[in-house]
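Below you will find one chain, with nothing else, as structure tokens; this is the form predicted alone, and questions on how it binds or moves follow later.
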Amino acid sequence: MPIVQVELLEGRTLEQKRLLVEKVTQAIVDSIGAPAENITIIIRDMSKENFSKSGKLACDK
């Protein structure tokens, strides 16, 4: 029962998320043979004000 968590900065469309979960699911099926119905994917959208890289908030870039 693979569980995958994906954290993204906000702003992706619903269609992009659909494509992401389809491709990640297929990659797991192909690589470890887990049945697709046993794969769980959790997407967490993160506000750009809650993410920082190299000392800069993403919302300030």
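Not measured: the values here are computed from a predicted model. Sequential numbering from 1, following the sequence displayed.
There is also a form predicted in complex with another copy of the chain; it is not shown, and the following applies to it.
Within 4.5 Å of some heavy atom of another copy of the chain in the predicted complex lies at least one heavy atom of residue 22. Contact annotation for residue 10: none of its heavy atoms lies within 4.5 Å of another copy of the chain in the predicted complex. Contacts to another copy of the chain in the predicted complex (heavy atom within 4.5 Å) from stretch 1-20: 1, 2, 3, 4, 5, 6, 7, 8, 9, 12, 14, 16, 17, 18, 19, 20.
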